[in-house]
Structure formats: structure tokens, C-alpha cells
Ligand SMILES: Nc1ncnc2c1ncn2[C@@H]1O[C@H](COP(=O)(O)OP(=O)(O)OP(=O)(O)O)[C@@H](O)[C@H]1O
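Below you'll find only one chain, the form predicted on its own, shown as C-alpha cells.
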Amino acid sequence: MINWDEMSNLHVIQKLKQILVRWFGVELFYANEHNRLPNSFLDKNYRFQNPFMKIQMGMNYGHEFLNSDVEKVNDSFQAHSSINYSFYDSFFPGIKGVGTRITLEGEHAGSIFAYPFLSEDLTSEEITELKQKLIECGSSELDANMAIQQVHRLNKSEKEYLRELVELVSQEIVTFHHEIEKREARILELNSELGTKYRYHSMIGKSKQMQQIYRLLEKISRSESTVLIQGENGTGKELVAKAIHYNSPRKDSVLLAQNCSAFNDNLLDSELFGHVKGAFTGAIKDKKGLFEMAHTGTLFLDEIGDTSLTMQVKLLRVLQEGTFLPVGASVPRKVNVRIMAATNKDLKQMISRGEFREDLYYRINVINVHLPSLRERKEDISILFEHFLEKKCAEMGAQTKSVSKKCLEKILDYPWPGNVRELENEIERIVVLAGDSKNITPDMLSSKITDFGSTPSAAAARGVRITGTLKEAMEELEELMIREGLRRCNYNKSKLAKELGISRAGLIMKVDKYALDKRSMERSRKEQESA
């Protein structure tokens, strides 16, 4: 997002603004890709260079009229990618402006506007109509006359000069951003060694939660203690087990893993502890179990919460005494194995329900590692996305791809219930569908991601009253629909008015009635926070 307050302070843009005021008497301003004006521009103490602009922005709905013009121009830019500028008629009859597109990384990033001016062939009747409109909107006759007199009349060649200067402002912003990107790329290149702080073994994350886990793993890797890893499916519990093992004194010995929910009790017994010849039908020879095979190494027991109480007794004996009994054997065997266990279940609740042994819980939970879900560490999504994208492109022999800003926004908004595993699978799907394309666009994402958040939440819908008067219920539903619609349309009132089937002026009055404009809602939020 462009910081206009910062951009407008650049020396070259300040000079261009001075020229535009001196030659054409226009106000120069910026609106982002969501048609939002800079906060400073909407401040009541902002010093406008143009008297007409000052009077307009002092009206009750002056900024709404300006927003209407901005939306009209930006909508034309969005609809026609080949158009880079637009002369437009404003809300006030006879008053004109010009807007130029800003394009960054191939995407529309907002527009620069020069406003207001008049055509040189404006008639006296049109001047009278303009003055009447200003008075209707709250201006005094004296102010209206003064404002109109100071708006410059431009001929065809002057309009073209104005357009070229405004386009020059857009080009300076694009050039500045390209230079910043080059500097940032150089800094990243020179400090690439610092990237290791976002990694620990095969885990990736720069969030505070992951940094705390890295520090914990550094400490416990050098120990022989039993570790319990807890977290939702797909958060990377096995990666943690591997990181601990391969940074421990046992790194030169084997690491074996077993999903305890994959077998029934009898098969799991044989898998873990082995069996002797003739122990059961089909046992035609002795078989070593995973405990024996992992001697001097590490055994990772995934989904330990799915084991039966009978199996839990056998596991407890290995942990306490270091001995086990193969199926069908009469002589116990001794092993030296470090145990790590993982589960996505709440073992304490299972203990209270009698589904998990409390003594086993305390044996495996000497050190606890809790992995946060991906939605709890959203700042890691972008770095994980880049990592998996590079990895999948390399695996498939595809050219390196870049992701668009809107696509990344969709990815960041999605809650990722399947966590890192779901994200990795989604990226693999994207790389396959992208084919030879260099750019990843929103249409390549799964529908579950693109559709997320596109409709009002069920919780919000359930909040509509079903008691009281019909008028109260209808007003509450009206407010809810407008509130949700404004968020969905990024406060584009023209777009929402079309969706709701009402006029834009009607929508503006309803927004004012329910205090749903951005400034009112932000003020209300701050008041609630301070209360």
C-alpha cells in the first residue's frame, strides 16, 4: 500500500504540487486501490490549496461526493487495464477533474487526482446551475460565488499539460517504489545469513511463538528426557520430533516413527514389541519390534492418545523399566530408547474420563512442546508460502512463480483448519494448475479460499431480532446488511448500492443514519477499547 503522506513529502512531488497549484489552481490527492483517501486529507484542519475544494470538504457530505468521483474513475481503471488516465465530470455540474492510474507489480495500486477545474466553454447557464447545486449542498451564496470564480478554466492544450504533470507524479511514485524494492532486495541478499533465525531444522517461522519453540528445542535436544508434542493435525509434530533427534546426542542412531492410530491393539503390540515364532497364526519367524530396532536411538509415537488402556500399561513399563515383552515371549528384553510422543487430543480431559492413564501421562509429559495452529501465527503464512512455492516449483521442474497481492490477501484471510499440511497441499495444487504461467492469481486458488468471507457470517445472521416491532426488526436487518456489505465491498458505496438495489444517495443517508462510515466505526471501536 502506498503511503501518500510519505510520498507527498518527496522533493520532486512537492515541486510538482506547487506547479499544479500555480498554473492550474488544482488540488492534488491520492486514493488507494480501495478508493480510500489518506486520513490526513480528511482531517478537518487540512489546509486545502483550492477554495472550491475547501468549501466542498466542509459540507456534510462533501467527502462522500469526492469518494463518488474517485470510485467512478477507479472502476473505469479496473474495467479497462489499458487506460492510464481519465478526465471525468464530478458530482458538481461543470466541475471536472483528471485521474491517473498507479500500477505496481502489474496491479492497480491506486490513482492520483487533480481537481477541480472548468472547461473554457462553460456557459453562464451552467455556472448558475453549479452555483445552485453548491447552495443546495450547504454552501452560502457568497462562498459559492467566490469558489467558482477561483476555479481555473482550461482549454484543450492546458488540460493535456495538466494530465502530463499528474501522470508524472504517478511515474515518480512508481520509480520510488522500484528503487525501494531494489534496496530491500540488496539488503536481503547481504543479510541472507540472518534467515537462519526463522528456521530450526526443517521448521520455518518468524512468529514469536515459533521463536520461543526454537529456543525450547535448543535446550531439550541435548537432554534425554521424554517429550510430549501437542498440537492440531498438520502443525508439524513429526518435524519437531526430527528436529529434537537430529540435534541430540542420539543423532547418529536411528529415529523410528509409529502412528498409534494406524493399527488395532494386536497389530500395534506386534509392531512395537515384536513377536516370536509361533506366537500366533502367521508368525512363521521371530520379528523385532520398533523398540528393539530403535535401541540407542529415538522412537516417535504419534497419536498416542488413540492407544487403548491395555497398550498404555505396556508403554508405561517400557518407560519405567526400559524392558518389554515381545508377543508370545516369556523372557523380557531390555532397550535404551528415547521416547517422544505426540497427540492432537486433550489428554487431561481423557484422564478425567478414564480414557488415558494418569501415570503414563506424567511419564511422557516430562517436557511439553505445544505447537500453535497456523491461524495463531499468521505472520508465518507468507514465509511458509514462499518456501513451499520454491520447493514445489523445483520438484516439478517449473519456472519460479510470483504471487499477486490480491492472491496473498486471500491466502492470509483464510483460517487454514488443516494448518501447514493444508497450506503445502494447496501450493502443490497451485503450481500444477499454474503450468507455464509466471504469476499466481486468485482464480488459481481453491474455491474454499476464494469464497471464504464473501458472505455475512451465520452468527451475524442469527443476531437479527425475531421479537419486537416489525419496524425495529427491519431496521436492524437493514443496518446489518449495510455493515456487512460495506466490509465486503471495501466501503465502495457505488458497488454496494447496486447490490442492494438502491441509489447511492439513499445508501449514503442510511450509512449516516446508522453511523456506519469508517470514521464513525473507528471512533466507536476506540471508545470501546478505552472503556
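If you're wondering where the values come from, they're calculated on a predicted model, not measured in any experiment. Start at 1 with the first residue shown and count on from there.
Note that the form predicted in complex with this ligand isn't included here; everything after this is about it.
For a residue to qualify, one of its non-hydrogen atoms must sit within 4.5 Å of this ligand in the predicted complex; none of F291, L319 and D359 qualifies.
None of 92-100, 131-139, 416-424, 72-80 except one has non-hydrogen atoms within 4.5 angstroms of this ligand in the predicted complex; the exception is 416-424. Checking D269, E167, D143, E303 against this ligand in the predicted complex, a heavy atom within 4.5 Å turns up for just one residue: E303.
This chain is displayed alone, yet in the predicted complex one of S86, Q312, N344, Q258 has a heavy atom within 4.5 Å of this ligand; that residue is N344.
Contact annotation for F388: at least one heavy atom lies within 4.5 Å of this ligand in the predicted complex. Contact annotation: A243 falls outside 4.5 Å of this ligand in the predicted complex, judged by heavy atom distances. The closest heavy atom approach of M210 to this ligand in the predicted complex falls within 4.5 Å.
Within 4.5 Å of some heavy atom of this ligand in the predicted complex lies at least one heavy atom of N233.
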